[in-house]
Each structure stands twice: as structure tokens, then as C-alpha cells.
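Given next, in C-alpha cells, is a single chain: the form predicted alone.
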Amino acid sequence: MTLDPNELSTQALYGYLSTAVAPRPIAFASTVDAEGRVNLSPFSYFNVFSTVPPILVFSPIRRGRDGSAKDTLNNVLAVPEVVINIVNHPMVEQMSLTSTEYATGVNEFVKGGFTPLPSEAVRPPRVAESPVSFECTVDRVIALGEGGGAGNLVIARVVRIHIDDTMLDAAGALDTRKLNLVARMGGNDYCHASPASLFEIPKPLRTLGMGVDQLPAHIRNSSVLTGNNLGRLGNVERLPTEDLVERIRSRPEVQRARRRGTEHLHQLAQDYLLEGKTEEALAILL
């Protein structure tokens, strides 16, 4: 199926975009209006865009029914400051409640049962229950359209970072497993970054992976190995030495797999890959 976005309704287009581009982190944005009234609202059109300077970007889209602006957008235009609070699993239901279309001036801290804490450098308060909060000044707001569904890119410069100490590891770095974050999917679905759902992939930052194209054809065309398996193998800098291949060849499980055929040998290599033994797996395949 191929679609032209210009021929879709706003609702249908939003459904395709928000379901396919996921999971998305959630900016739980606290702002104030010109009269000092507080607003708290979540936005999943959100991410980090720069390290130096530290820039976070989120986008309050205009209401689909009438193209009107949400309170958060009006507030950052009037008072260019925002606190972006990070959402984790213990607070996700309260966060969702604050997305209710309450009347302008209603304090969602109160409606959601959250605790406001004074910020140091900006006027909006931060959420005490959030594991990490970023106080930001708003550099600028870029309107991406005028009608319903149009985004407004809020470019927010981080001026203070507040971190719950219990979210740090022994080295003082943020611990992903302790953060227990959630992310927005399509429809009513969320994604929970629990320890059971996390997995590691070695980053090719200090090494130069040889690439899938450098693997022998019988490995690239394997009926057993997956694309992920090939990607892991291609992340190795070079083919293993003959010495390693010979040592692997002598292992009893390798000899048994060789006698049973190529498919079994590849399945054994796949098992090694799952155990993180990439070079040994490649030696088995050779």
C-alpha cells in the first residue's frame, strides 16, 4: 500500500505517523501563562536535538477539530520558559490524566495529583515525581502550519538539570534500568522500558566493522542466520585467524554439528551469537 498524505484526513494521517514513528519519549511540559497560572501537559512529539548547546525540541500540535492552539503553545509564546519532566512507569497513569482537555487556567498539577517544586532558573515549577527534569528557556517557536494537526516546534535550551539520586549507578551515571521509562506508541498503547525488554548491541564507535559485504557468500546467504545475526557478524573488524578457526573446529559440539550438515553448523553459530560470542560464532561458520 502506498499513500499520498495530501489525500488523507488529519485523523488518518496522525494514526499512520504516530503508530509507525514509535516508541516516542514523552515531554511532560510545565509552563506558565502571562498571569502566572501553571499548566502541565504531555507531548510525545519530542526528543533531544543537540548536546552543545543542550537543546530539547517538542511540538504541541494544533487541535484537529478547529486548529486552535493548546495552552502550552500559548504559554511558551507569552512566557518563553518550560520545564520538561521525564516520565517513568510509576507516574504514567497520572501523566495520562493530565492530557485531559481541562479549561484554560486549570492547574494539572492538582488534577493529576503531582507535587510542584520551585525551579531555580525559570518560572514554571518542576514535577517532584519525575526522575529527571530539565529547566529550559525557549529559544524560539517555529510554526509548521496553521490548520488542525499543524505542529509548532518549541526549541528549548536546557539551563538546569535535576536528577533523582536513586536513578544513578555506582559511577554516578544515569541507570537506564533504574529509570524505568515509558514511551508513547500509537492509539492507547505505551511501551515500558523494563529490564526484561532491554537488550544491548555493541556500538561500532572505536572499531571499524568490516561489514556484511565482507562475509563469505555462504554466510551471507545462510538460510538460518537472520539480518540481525549478519549485522552482528559484520561488526567484527576482521575475519578470525586460522588458529582460532582450528581451535573452534576441535570442539565436540562443532564436530557434531559439522557431521549433521551446514544448517546445524549455522544453528550452533547462532547460539554462540546469542551468548555474545561473536568471534567464535564467525569461526564456527568458517
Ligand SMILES: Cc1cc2nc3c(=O)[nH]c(=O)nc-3n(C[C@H](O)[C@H](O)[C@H](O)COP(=O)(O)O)c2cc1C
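Since this is a predicted model, take the numbers as computed values, not measurements. Heads up: residue numbers just count along the shown sequence, starting at 1.
The same protein also has a form predicted together with the named molecule, omitted here; what follows describes it.
- Contact annotation for Asp71: at least one heavy atom lies within 4.5 Å of the named molecule in the predicted complex.
- At a distance threshold of 4.5 angstroms between non-hydrogen atoms, Ser222 is out of contact with the named molecule in the predicted complex.
- By the criterion of a heavy atom within 4.5 Å, His162 is excluded from the residues contacting the named molecule in the predicted complex.
- The closest non-hydrogen atom of Cys136 lies beyond 4.5 Å of the named molecule in the predicted complex.
- Among Gln214, Asn107, Thr207, Ser99, the residue placing a heavy atom within 4.5 Å of the named molecule in the predicted complex is Ser99.
- Out of the listed residues Val154, Val82, Val127, Met95, Met95 is the one that sits within 4.5 Å of the named molecule in the predicted complex by at least one heavy atom.
- Note that among 247-255, 214-222, 231-239, 55-63, the stretch whose heavy atoms approach the named molecule to within 4.5 Å in the predicted complex is 55-63.
- Of all the residues from 26-48, those having a non-hydrogen atom no more than 4.5 Å from the named molecule in the predicted complex are Ile26, Asn39, Ser41, Pro42, Phe43, Ser44, Tyr45.
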